[in-house]
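Here's a solo chain for you in structure tokens, the form predicted on its own.
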């Protein structure tokens, strides 16, 4: 296995940890631009402003680095959504939970846009034998959303005439595209997160009171 980052000190992440993050970000950017087959370690090293040989101190090989990019793409969203939901009061309603999950997911994408964009593309480009592991990670994250949606439907908080699987895929599919938006469209990030919640849960048709 590749060398592990040293534990962070009280003053912040270690130099090794910071370097690893720089490499992962550079790898995500290059992979998103050139795809799995078209990316070489030398390309990643150049983007990270390092010598290619230095990458082997942090990662075993290209596949090890790709593994970290793919896992990060799912793990960060998974972690942020679970943390946000856990912080809600116990009596939080189903709509509040969905609003919180949407906000947290978009927040993660905005913070790790390059990694999210690369991981989504990579899943379609990996050889078939390498896909099952990452599909399982996606399914675990999808199960969290499925549970939220079904609970809200069963309680009458959202429409129950919509297929929950399709609804989940639609919501996450639309939110994930934010990673590829031009910066001018993203604009104010806090405002974008609010708009994402409003659009997904309440649509674009004015309420009857507003007509």
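Only the largest set of C-alpha atoms that superpose within 1.5 Å between the two forms is called the rigid core. These numbers come from a predicted model, not from an experiment. Numbering follows the first chain given and starts at 1.
Keep in mind that the form predicted in complex with the DNA is missing from the display, and what follows is about it.
Visitor: Could you tell me which of 159-167, 142-150, 175-183, 42-50 sits within 4.5 Å of the DNA in the predicted complex, going by non-hydrogen atoms?
Guide: Of the stretches listed, the one contacting the partner is 42-50.
Visitor: Would you please decide whether residue 25 lies within 4.5 angstroms of the DNA in the predicted complex, comparing each non-hydrogen atom pair?
Guide: So residue 25 does not count as contacting the DNA.
Visitor: Applying a 4.5 Å heavy atom distance criterion, does residue 154 contact the DNA in the predicted complex?
Guide: Residue 154: no contact with the DNA in the predicted complex.
Visitor: Can you work out whether residue 62 and the DNA are in contact in the predicted complex, taking contact to mean some heavy atom pair no more than 4.5 Å apart?
Guide: Flag for residue 62 set to yes.
Visitor: If I superpose the two forms on their rigid core, does the C-alpha of residue 21 end up displaced by 2 Å or more between this form and the one not shown?
Guide: Residue 21 C-alpha, core-superposed: shift of 2 Å or more.
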